[in-house]
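Okay, so here's just one chain, in structure tokens, the form predicted alone.
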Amino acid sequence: MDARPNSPEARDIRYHMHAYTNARKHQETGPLVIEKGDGVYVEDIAGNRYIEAMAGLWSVAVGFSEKRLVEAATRQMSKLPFYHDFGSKAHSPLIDLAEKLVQMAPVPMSKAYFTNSGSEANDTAIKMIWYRSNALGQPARKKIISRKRGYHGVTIASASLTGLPNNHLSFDLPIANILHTSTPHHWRDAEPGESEEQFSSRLAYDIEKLILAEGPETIAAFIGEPIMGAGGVIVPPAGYWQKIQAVLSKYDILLVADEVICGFGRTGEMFGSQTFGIRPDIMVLSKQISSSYLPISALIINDKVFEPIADESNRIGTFGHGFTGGGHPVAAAVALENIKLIEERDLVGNARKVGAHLQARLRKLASHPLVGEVRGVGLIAAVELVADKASKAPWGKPAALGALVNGFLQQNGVISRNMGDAIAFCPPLIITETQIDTLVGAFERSLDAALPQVRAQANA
């Protein structure tokens, strides 16, 4: 870190409070200042170049500095730099994007509704679900089931859906009417000898027990990511989504698919719902919808959701919800061009092909002394680190080993993220097999660099 009083690092420490950061530790270590990006690479202020193995925040599908997205933003900025969709107003990019999203959905959908982030979209989903229950004359039907280790955002409502302790501690969350059921992590939570199918059956039974205990007439919806992202890239076990959907259908409970990470090609299909046979009533989209070049998110809803909401808005006189920047014309224009690039360049196919190479390369590391599990689908993966493979025990405090290896990985020219002791990989969809080899090679060197410290502590 440049410690000069007027350096960017020093000014960052003085003026900037960071997201998802130990604020006190940051005052000691300072930031990594990223200055520019190109393709799958970013470069810091000192000129060091990194493979961005998280695509920023799971999101830069087409890579950094894609000229066509810059040009799309420039054209729209010069034509109509801002407008909104309040009071029956609209603009061409938003109409085009709404039509595109509804038509490309993997199940029949009716309308698209626009917000600015995944958190806002999931917050809006909760409000829509509650509004719909009131419209149907079911005021008791307000509870929503989420999952432990699920991630759905950070607003008061969406953070309540999130099932991670650090999103609740000292925030006085979760709010009422949000329930959490079991995590579908077979490697970590299965009983001895329990197959994936048996594990899935048990989790479906857990959900049904929860529904019956709370009262089916009080449960409005279930929300889940096709693959759990920030909770550790948890791939659902065999039969999981089919069994869960059978329970939801039995009690007429809505299904919300949070596609914020999986959507637009990440799993090797356009949507994670296609990969796992999910038929949602609401789909939540963000991140790769615009490659995060500009903030935009959307909900796609079916008629089962839309029609009662439309009736209630007619009874009241309006649907009293919306955001100033929701469906911003520049963001919508960028999202349209971004989706066009994903389709034209077959980045979904690239995620499938190069993703298979990523999964195979990572699985070759399964025998490493620090590797407990390798998991993933397409171009999203995680490697769970352990100090003892047999007991699956961590190295000291949970997350200590993940942080150690992630630090070595950054020194080796790859930016990733440790979620506890799981190192995640979610690179831009444009990545090549050669770049994957470089990425995995750096990861293997990082594991080897951490091993002596782990063994030294074990022998101490």
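Note that residue numbering follows the sequence shown and begins at 1. Just so it is clear, the structure is predicted and the values come from calculations on it, not from any experiment.
The same protein also has a form predicted together with a small molecule, omitted here; what follows describes it.
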Note: exactly one of Ala382, Ala333, Ile261, Ala351 sits with a heavy atom within 4.5 Å of the small molecule in the predicted complex, namely Ile261
Of Pro236, Gly265, Gly355, Gly118, which one comes within 4.5 Å of the small molecule in the predicted complex, counting heavy atoms only?
Gly118
Taking the partner as it appears in the predicted complex, which of 69-77, 374-382, 172-180, 252-260 has residues with heavy atoms within 4.5 Å of the small molecule?
252-260
Is Asn122 one of the residues lying within 4.5 Å of the small molecule in the predicted complex, judged by heavy atom distances?
yes
Although the small molecule is absent from this view, report whether Lys287 comes within 4.5 Å of it in the predicted complex, heavy atoms only.
yes
Although the small molecule is absent from this view, report whether Phe222 comes within 4.5 Å of it in the predicted complex, heavy atoms only.
no
Please run the contact check for Gly153 against the small molecule in the predicted complex: heavy atoms, 4.5 angstroms, yes or no?
yes
